[in-house]
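The form predicted alone is given below as one chain in structure tokens.
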Amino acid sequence: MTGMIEAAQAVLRANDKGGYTVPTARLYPFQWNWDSALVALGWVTFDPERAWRELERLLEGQWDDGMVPHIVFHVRSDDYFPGPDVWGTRHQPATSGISQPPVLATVLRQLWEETGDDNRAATLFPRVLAWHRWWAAARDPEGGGLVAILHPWESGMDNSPAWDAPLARVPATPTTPIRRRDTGHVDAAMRPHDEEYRRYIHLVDLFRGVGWQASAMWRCAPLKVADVAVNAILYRAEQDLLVLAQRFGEAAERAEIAERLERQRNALDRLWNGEAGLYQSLDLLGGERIPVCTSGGLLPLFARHPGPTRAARMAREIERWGQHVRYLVPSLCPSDPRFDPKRYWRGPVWAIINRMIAQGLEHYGEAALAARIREQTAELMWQSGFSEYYDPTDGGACGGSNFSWTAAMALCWAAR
């Protein structure tokens, strides 16, 4: 275990670019939102000051309306497309124009509890509160309790099969020329297809055309999905934000957060599919749940949303998946005909999702299954290094290597 800890720390140090951590060299040369927050959980195990700095650098990209963008371009690089010129957000520092799963409040609470740094936490609390308010205002303007993503990249699970049908409504006719860089760094068989990229960039062009104004984006968006993973992560983050508000907030702020939590709790029930044994995303334009079973549909366990009976059903579903693959938890149900064990979010195992699922299972008393996931993830790291993701059938390394958030998850588990 000592060797793994030292190797994981070395990955974070190598990817440190001066107060922020890139996910991996060349493939992702900037600061990504949920990557950065989760990587802070690794830093805090051996360098608490550096962990706090990670969050502070991320929030340098926060917009005046509260949004925390999914990319902060602290420096220029030709290794990634689309760069700041394509986004055209006119923000300083340069950023993308969309967001990512809001894990920040959960991470902030953990850093505060582990370091006892009231000053840092008190400074960051109102910034994170502003981001949660943005989610409510910009992505749930009717107040139904479920927030929407307007671009697959906002889910953090870019090419999930859950987006196939909603994304098909998006024209594959961008005005910006596609200059993919990712397939120059990673095998194309492990990345989204070109047609998906054309639709992704069409959305960027569309939203840039309305000046990245939240209300205008909501009106014109051809894709609106209440992503189960984003909503589960937000529900957990609101719980953690409420704990922070008890120490650093006003009474009115605590009441505001509690009111959002009640709406979210009730709304998440709309995503439950008892027959499938997990939660599924909702196509807000089509008005129906998306009948795809992904690892994101298990994250309400992390959010502590399901009751005991429902949680037990989810645990048995995970075990069923495990009968078809060597390593848990694949990002797509392995009996789905679209299952692809090497292509990004269409089958591979991701350490960050495994840790969230395992934490949820432990909360519900499913200790043996949580330990199985934890041990199998450690085995993947031992045999294939700190890869971006892994083939669940043979454990092979996929995506980028020396990946920061995978190394961070190793450090988190080692510190238990």
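The first residue of the sequence shown is number 1, and the count goes up from there. As the structure is a prediction and not an experimental result, all values here were calculated from the model.
Only in words, not in the display: the form predicted together with ligand GLC, which the text now covers.
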Query raised in the report: Taking the partner as it appears in the predicted complex, which of 358 to 366, 379 to 387, 51 to 59, 27 to 35 has residues with heavy atoms within 4.5 Å of ligand GLC?
Result: 27 to 35
Query raised in the report: Ok, Gln100, Thr106, Ser295, Ser96: which has a heavy atom sitting within 4.5 Å of ligand GLC in the predicted complex?
Result: Gln100
Query raised in the report: Of these, Trp112, Trp135, Phe207, Trp345, which has a heavy atom no more than 4.5 Å from ligand GLC in the predicted complex?
Result: Trp345
Report task. Look up in the predicted complex whether Gly156 has a non-hydrogen atom within 4.5 angstroms of ligand GLC, and give yes or no. Result -> yes
**Report entry** 4.5 Å heavy atom contact, Pro23 and ligand GLC in the predicted complex
**Finding:** yes
Query raised in the report: For the stretch 398 to 416, which residues lie within 4.5 Å of ligand GLC in the predicted complex by non-hydrogen atom distance?
Result: Phe403, Trp405
